[in-house]
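Here we start with a single chain on its own, the form predicted alone, put down as structure tokens.
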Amino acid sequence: MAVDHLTLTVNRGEIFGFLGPNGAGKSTTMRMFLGLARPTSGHVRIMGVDITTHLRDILHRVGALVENPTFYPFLSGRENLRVVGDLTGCPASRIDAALELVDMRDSAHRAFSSYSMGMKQRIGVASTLLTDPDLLILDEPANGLDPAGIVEMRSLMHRLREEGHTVFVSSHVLHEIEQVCDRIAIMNHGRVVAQGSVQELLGASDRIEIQVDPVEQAEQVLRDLPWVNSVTREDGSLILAAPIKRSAEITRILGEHDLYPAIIRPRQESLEQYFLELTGAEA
């Protein structure tokens, strides 16, 4: 069973991250969104409309980019978009608006084969924008991109949200998902195992990071406090298992021993750590 009793809600106007290890059921889920796979039970509603009865109407309001975009290599970016527009019945006037939104207007005359991976991805996104869709489904938009291209894609998704589009993005680049998404869902073995805002899911636990010198003396002072459950060292910092609300008191106690922290802050779990713990995947 690829997808098992999945319940998923995406809010209008948000960037929603869809995560999971390989084989978790993400691609099957997205195929069901687009009418490319039929669920054995249940319903998919997009903007309140059931896709089983109104698929043609829904697809005019949805843009989808699945994996790496493929276009005619010797046609320009603009010419490729004109081909897509002819197939989808979109007016040529939409091409300039789409190119402007993905910041490719100045390079639209160049052959697609001459583009960097990031530029190809942006032309792919532009092709999904020709119908001015309410919902964009992007499957691994950062796939194969270098760091600069990943930053470009992050900026593009923010721009799409500002323009009023809802963005549903599947990605393995967890650091980017953590920075760009309003809410996320994590799938494992066909089921959603976590869903909510990034801040809610990664909310700071009762762990405190402190950078102070000399670290050995500070460690001894902190170990003696009755409400500090443990103290460990990590990359030159002290990690305390202690209530966050005690941070000011910790600063005062260290000061009484002539120890003055350079940094004291809640230690928040990263999305990568959370993902690995939740799915049992290997780093």
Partner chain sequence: MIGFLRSDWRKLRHRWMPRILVLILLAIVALVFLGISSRARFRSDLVMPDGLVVALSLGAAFAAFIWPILAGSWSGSEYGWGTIRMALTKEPNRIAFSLSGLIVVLMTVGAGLILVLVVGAIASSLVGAATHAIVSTPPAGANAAGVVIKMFFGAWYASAFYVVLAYAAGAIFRSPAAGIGIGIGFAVAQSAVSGIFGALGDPWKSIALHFPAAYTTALNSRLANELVVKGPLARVSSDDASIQVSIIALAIYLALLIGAMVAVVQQRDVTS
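If you superpose the two forms and keep the largest set of C-alpha atoms that fall within 1.5 Å, you have the rigid core. Predicted model, so just to flag it, every value in this text is computed and none were measured. Positions refer to the first chain, counted from 1.
In what follows, reference is made to the form predicted together with its partner chain, a form of this protein that is not presented.
The partner is absent here, but in the model of the complex a heavy atom of L36, alone among I244, V215, I253, L36, sits within 4.5 Å of its partner chain. A single residue from the set Q211, S197, T88, S114 has any heavy atom within 4.5 angstroms of its partner chain in the model of the complex; that residue is T88. Against its partner chain in the model of the complex, the set L59, A64 and L75 is in full contact: each member has a heavy atom within 4.5 Å.
Although the partner is absent here, H189 is not a contact residue: none of its heavy atoms lies within 4.5 angstroms of its partner chain in the model of the complex. None of the heavy atoms of M47 is located within 4.5 Å of its partner chain in the model of the complex.
Under a 4.5 angstroms non-hydrogen atom cutoff, its partner chain in the model of the complex lacks V151 among its neighbouring residues. In the model of the complex, its partner chain sits within 4.5 Å of a heavy atom of T70. Considering its partner chain in the model of the complex, the lone stretch of 236 to 244, 254 to 262, 221 to 229, 27 to 35 in range is 27 to 35 [heavy atom distance within 4.5 Å].
For A194, a C-alpha deviation below 2 angstroms is recorded between the shown form and the other one after rigid-core alignment.
After superposition on the rigid core, the Cα of E163 moves by less than 2 Å between the shown form and the other one. With the core held fixed, the Cα of P141 is displaced between the shown form and the other one by less than 2 Å.
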